[in-house]
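Take a look at this one chain, the form predicted on its own, written out in structure tokens.
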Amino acid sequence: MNIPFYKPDITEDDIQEVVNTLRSGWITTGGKTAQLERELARFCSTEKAVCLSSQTAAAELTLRLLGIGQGDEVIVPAYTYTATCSVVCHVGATPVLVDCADDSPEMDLDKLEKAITHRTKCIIPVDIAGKMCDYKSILEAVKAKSAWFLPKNELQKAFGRIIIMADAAHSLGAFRSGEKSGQAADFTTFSFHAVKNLTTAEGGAVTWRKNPALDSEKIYRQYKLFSLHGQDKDALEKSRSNCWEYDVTAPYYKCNMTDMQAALGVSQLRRYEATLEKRRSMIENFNKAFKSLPVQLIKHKGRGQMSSGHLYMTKLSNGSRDKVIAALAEDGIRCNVHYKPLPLLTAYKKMGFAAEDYPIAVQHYNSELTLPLYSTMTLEEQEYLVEKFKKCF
């Protein structure tokens, strides 16, 4: 039997929704994208959502919206995918890496607080595997250093403290302490990449929490300007009679979502709760099956919290990870590793980051193994995976 690391969950309803959009005669950003934005905002219990070409675009545009750039520092985990950090470099700010906690792949909160300086403008926590970070504790750390915050523009003044932007590429549908992913951080960016729980093939979105000091409609319009070259009318608005005239307010970027992508997202979101239940059920079954093995499993639920079940991450004893990957590959099972810490990558070595300064992140990496988990996995595939993984021990 062959079990890939991931299979997209695409139904006939999904296909029909995309076909209907293709036949409609309107395939770029338009009504379907606006529909997905409304439904995402409703799902996340936020006022607004903006759909874009990727989570990376959403994160970069948020930094630009906040006026973060040259001379500023942005704190990110050392243990994450490059997209979390590359956007900081794109806007000209300086990334500051923080090591993991001893018992978690998330940032160590004590080290996070010590990393804050007068130049810190933003922190980007990462919801690894779909489990939301402790945003309340992160906010407390930020408030403790609020006197250090030196705002550079009116939007930063409105916050009066370091801004928290969640990298929630994995966590759509998760909740913690009464807040959904999308509500807990000041801004939250999602990914709808092909391997995510909800996919638009490529794509992403950003939401922001309600704040009386913010004009949500103005923020929404600014994201739209950023994503469409700074043009003050999109193609749909220009297509209406007598509406061809437009202006370009600034030479911005091109990273909008198309209606073809949004159509797939609309269909996927209709059954997303059922998708989450399937993933969570499989995780429970795997946890029971692997309970007696010398393996540490990432917790997907706890008091007042539930992850989106995006990844099934395990920690093996040092030195055995690569052997297990090879053994499972011989049985037709493809695994992955999340993540190679940033200081181990050439791009960040060139910036001066060194692995020895982030020992916990390196330890996590050396023992981490991610098993296949997808909502279309059959019972037979699940049983085969359990059998072959147990055989490794």
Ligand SMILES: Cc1ncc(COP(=O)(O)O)c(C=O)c1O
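One rule holds for the numbers: they count along the sequence shown, beginning at 1. These numbers were taken from a predicted model, which means no experiment stands behind them.
Keep in mind that the form predicted together with the named molecule is missing from the display, and what follows is about it.
Q: Only one of Arg209, His300, Arg279, Lys196 comes within 4.5 Å of the named molecule in the predicted bound form by heavy atoms, so just point that one out.
A: The option sitting close enough to the partner is Lys196.
Q: Here the chain is shown alone; which of Gly203, Gly309, Gly265, Gly173 has a heavy atom within 4.5 Å of the named molecule in the predicted bound form?
A: Contact check passes for Gly203.
Q: Should Val126 be counted as a contact of the named molecule in the predicted bound form, where contact means heavy atoms within 4.5 Å?
A: Yes - in the predicted bound form, heavy atoms of Val126 and the named molecule come within 4.5 Å of each other.
Q: Hey, in the predicted bound form, is Tyr339 touching the named molecule, heavy atoms inside 4.5 Å?
A: The answer is yes: Tyr339 has a heavy atom within 4.5 Å of the named molecule.
Q: Decide whether Ala169 counts as a contact residue for the named molecule in the predicted bound form under a heavy atom distance cut-off of 4.5 Å.
A: Yes, Ala169 is a contact residue.
Q: Might Cys100 be said to contact the named molecule in the predicted bound form, defining contact as any heavy atom within 4.5 Å?
A: No, Cys100 stays farther than 4.5 Å from the named molecule in the predicted bound form.
Q: Looking at 342-350, 360-368, 30-38, 47-55, which stretch has residues with any non-hydrogen atom within 4.5 Å of the named molecule in the predicted bound form?
A: Among the listed stretches, the partner-contacting one is 47-55.
Q: If you apply a 4.5 angstroms heavy atom cut-off, which residues in 71-100 are near the named molecule in the predicted bound form?
A: If the 4.5 Å heavy-atom criterion is applied to the named molecule in the predicted bound form, 71-100 yields Thr80, Tyr81, Ala83, Thr84.
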